[in-house]
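Next up: a single chain in structure tokens, the form predicted on its own.
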């Protein structure tokens, strides 16, 4: 029992240590003096212009009004519930895209035969704007969770796929030759050489995919949902509540920023040798 408690205590301490390092890194990298010298004047100007009548307050609500509206959404309109539903849809699409795009990208970068047969197909499909898939997706999958997950998947899939492929393809031949000298099998090469070399490319692809996936999440919720941040945006537009629209937009911006910060931290922990290059 004592040993079990010791393991649990060590695990909890490790989690707290990582969380502390994560949030300390965010504060150190983002909340700098230079940031506040830009951010504070913008907020003051944003507050002053509508108050002084330079711009119409109904069209450009000041930050104080947006903050009040955000609190109202939080308390009276279940903003947390809508955010949770949106994040569920987003993470399902993100997970499906990652678990399919990374293996396909690795295989295309590793095997010339697969590259020649699969790459042209993806190069033809990738330039199709993701929102263009919305009508046919609604016809095939209906309006609901499968449609929303699929559209998020489309937004994330191609950046992760092509960045993974490029990272594997650009692996230094000297590393491959050295591993083969020591008798490494092709599976070992993939696990020990190709994948570590492509790791920073994969993280970059996921960062881009997060941004595009959020775009597709909002598109899917605008056309086929009765909950979520995208639905709140459409509802706010219908009632001409620009303050609510701005509050929802800032919420989305914070979510995207936070997820990218998480990916930066993951890159630091998993690819330390590439930091600073």
Partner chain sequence: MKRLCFSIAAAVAATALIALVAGVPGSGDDGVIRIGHTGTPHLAPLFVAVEQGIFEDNGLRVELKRFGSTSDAGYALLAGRVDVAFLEPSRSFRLLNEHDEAGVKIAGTVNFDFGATLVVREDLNIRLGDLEGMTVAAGSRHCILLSQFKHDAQRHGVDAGKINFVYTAFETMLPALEAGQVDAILTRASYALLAQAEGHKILYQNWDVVPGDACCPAYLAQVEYFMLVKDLEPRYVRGMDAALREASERPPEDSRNAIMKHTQFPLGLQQGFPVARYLVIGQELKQELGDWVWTGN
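Everything numeric here is computed off the predicted structure, so don't read it as measured data. Residue numbers count along the first chain shown, from 1.
Not pictured, yet referred to below: the form predicted together with its partner chain.
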Residue 212, heavy atom within 4.5 angstroms of its partner chain in the model of the complex: no
4.5 Å heavy atom contact, residue 251 to its partner chain in the model of the complex: no
Any non-hydrogen atom of residue 240 within 4.5 angstroms of its partner chain in the model of the complex: yes
Contact flag, residue 245 vs its partner chain in the model of the complex, heavy atom cut 4.5 Å: yes
Options 22-30, 46-54, 66-74, 217-225; stretch whose heavy atom lies within 4.5 Å of its partner chain in the model of the complex: 46-54
Partner contacts for 61-91, taking its partner chain in the model of the complex and a 4.5 Å heavy atom cut-off: none
